[in-house]
Every structure is written in C-alpha cells, then in structure tokens.
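One chain comes next, on its own, written out as structure tokens in the form predicted alone.
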C-alpha cells in the first residue's frame, strides 16, 4: 500500500501532523495501537512555563533564547522562537477548525484551576475550564454523589488556602443509578454518555439550579461534553450563575473530545486511519525508510515516501526502559539518556527526574538518527523526542503541536508526493 506519509502514533502530535499533511494534498496513513495519551489528558495544553533550571518563563521569546543559550537539546532550541510561535498559532487555528473551542493565546498564558484546587499555567484550555478566580467571588464546587474520581471537599480546601471563597457541595443524580451500581463503570466518560442525551438534560439542571442561586460561580466535574459542548452551553444559558468544568481522573472527557474531533477531521480530509494496529518492523536502505510492516497487515507492507514517528514516550511504549538502557521501540534510533541507571532518577520523588528528558535524538529538521547517521525521510515529533521534561517545564502540549506542524511543513516542502 503506497502512501506519501505514514505516521506512527495517533495522539496529539500524530493527528495534527496528519491533518496538516492532508490539507496540503498528501495521502497519509496513521497507524494507531489504541487509546492515546490524549484521552487521558485534561484537554489543556501548555507551551513553556519553566526553564530546565526551574526558572519561570514569562515570555516565550526570552524563554527559548535562554534554552538556546544553555545549549539545551530541547526541541524548542532546535526550532527557534520564530518557528515555535508560528506553529503554536497555527495549532490554535487548527484546533478551532476541528471544532475544539479553546481559550488562551501564545502571548497570554493563563492560570487554570485544576481538579486538586491548584493553579497551573496553560497556553490553551477548553472554554469550559475555569481560570484563577477573583477573590471577591463565592464559588461552589459541586460533586456527584458516589462519584469517587472527583473530590469537591479536597479541591475546596486547597482553594481556600489560596484565598478563594469556596465551599463544597454534592448533588444526587438518580439518572446515573445504573452506573453507580458498578464502581468500575462510574467514570466520567460513561457518565457523559448519559448526561449528554437531550432527554436527560433536566437532571443536572434541576440539581444545579438551586446552587446557582447561592453562588457567584459553580465548578462541576467534566462529566458531559464527550462529543460537543451543547449541554455546557445550555446549562450556562439557564442557570443563575456561570458554570465551569474541572477535568476528572482519566480517561478525561475534554481530552477524549479533542482526540475524537481531531481524528474525525483527519478522516474527513481523506486520511487513512488504522486503529488497533502497530508497526512491528521497517526496512531501511540507503539512509531511507522504504517499507513499514504492521501486525495486522502481515506480509503487505506500507510503502511511504516519508515516515513520521509520533509513538509517544514511556507511557505509550514509544520508549522502552531495559536494564542496560532505554531504546526506541520501532527503529532502534539513537536515544538521549544518562549513562547508568543510578543517574536516571533523583531520590527526591518530587524533584524533576532525569529520565523525563530521555528521548530520540534528531537533527535541526527533526530527522531521526541511528548510529549517528541521519535517516533522510524519517521525522520524529512529540513526546518521543528527547531533551525536555513535559511536566517540570510545562511544555508537553506545545512540543507535540509545534514539532508536528513543523515536520508536516518540512515534508510538504520536499515536493515528494505520489
């Protein structure tokens, strides 16, 4: 099967890259093993909040300049501030075109409220996620009786320490009794499948209406909006105060919605989506990937002009930790890592851990290397890249988005298509 580009991995980076290439007239396939890390995310994306030394970043341009001055292997240092800014803005527009409404901008990061009652800097958040609240407002954090993946009392206690006037509440929703009988089914995504039904709208509305008359703002777990934001919009029209949603323990409703909308956009543009499959081998000759072999297609290889590796980090098995070191799972690419397992971690579990920065080494065009030699038509994007700590540096979503779109434009500029 012939393709212009085969993308390995169907998460945020793989989907954004595939959509961009399809928009440019390429014929692309995405090979996806299954549920990506995107479904487990909050739906918010960060760009860059801290430097490797822990220093806060208040300006994207100065932050990336500092990374370059440090000679950091961070992907942003390879791309440069102008490209990062360009592709971050492009990602904002692309998400909007896919129907995923966000708030935020490259130059105006915001402090979003987390389910634990803390504040975390974000580049983009779903429109339903609350920002750091005005101290003069009274806020009610509302939980659902029996729903263990969201604890309003804990969130309220944490917010009170930060000077917020907040109280915890709980509502009964008998419409969810069938799910409540099985704790393993009483999860946000399953609740959303019930509450998203038009005939069930009155259940949360009637339970929340009295509370909306007592508070200036309500926070509720993100337990509806799996496909669109209709229920959220309708509740905000009819309740007496604004309602915002806090993502719960994964799988997350906003993250799942983002995954679904991006996937649908890719397919509508003519992309080939290969779910439940995985790449098991690849042929490399003359410094180029010539064939990609997958588990489902057995003896029928995919024959691409270009390949994009978006397989994710350890969570998605894009990187495999073994006794003697860390390896990239598909091509055996060169990996940035510390020598000796004793240097992989720090004793303080709350400190930034060295292994978080392990990942594939590339050139400045994000082309992969194996044995120090470049593979001309193999690009590496997203979480499988080395040189950054997505959590400590607050840059995971931004790295995925910007490297994906940069690689897509490098491929498009090559002029190689079938």
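Residue numbers count along the first chain shown, from 1. The model shown is predicted, which means the values in this text are computed figures rather than measured ones.
This protein has a second form, the form predicted in complex with a small molecule, left out of what is shown; the following refers to that one.
Contact with the small molecule, judged by heavy atoms within 4.5 Å in the predicted bound form, is confined among 309-317, 262-270, 206-214, 237-245 to 309-317. Only one of 67, 31, 57, 360 lies close to the small molecule in the predicted bound form, with a heavy atom inside 4.5 Å, and it is 31. Contact with the small molecule in the predicted bound form, defined as a heavy atom within 4.5 Å, holds for exactly one of 277, 196, 149, 169, namely 277. In the predicted bound form, no heavy atom of residue 366 sits within 4.5 Å of the small molecule. Though the partner is left out of this view, residue 51 does not reach within 4.5 Å of the small molecule in the predicted bound form, counting heavy atoms only.
Among residues of the shown chain, residue 40 is one whose heavy atoms approach the small molecule to within 4.5 Å in the predicted bound form.
Interface residue remark: residue 6 is not counted as part of the site for the small molecule in the predicted bound form, having no heavy atom within 4.5 Å.
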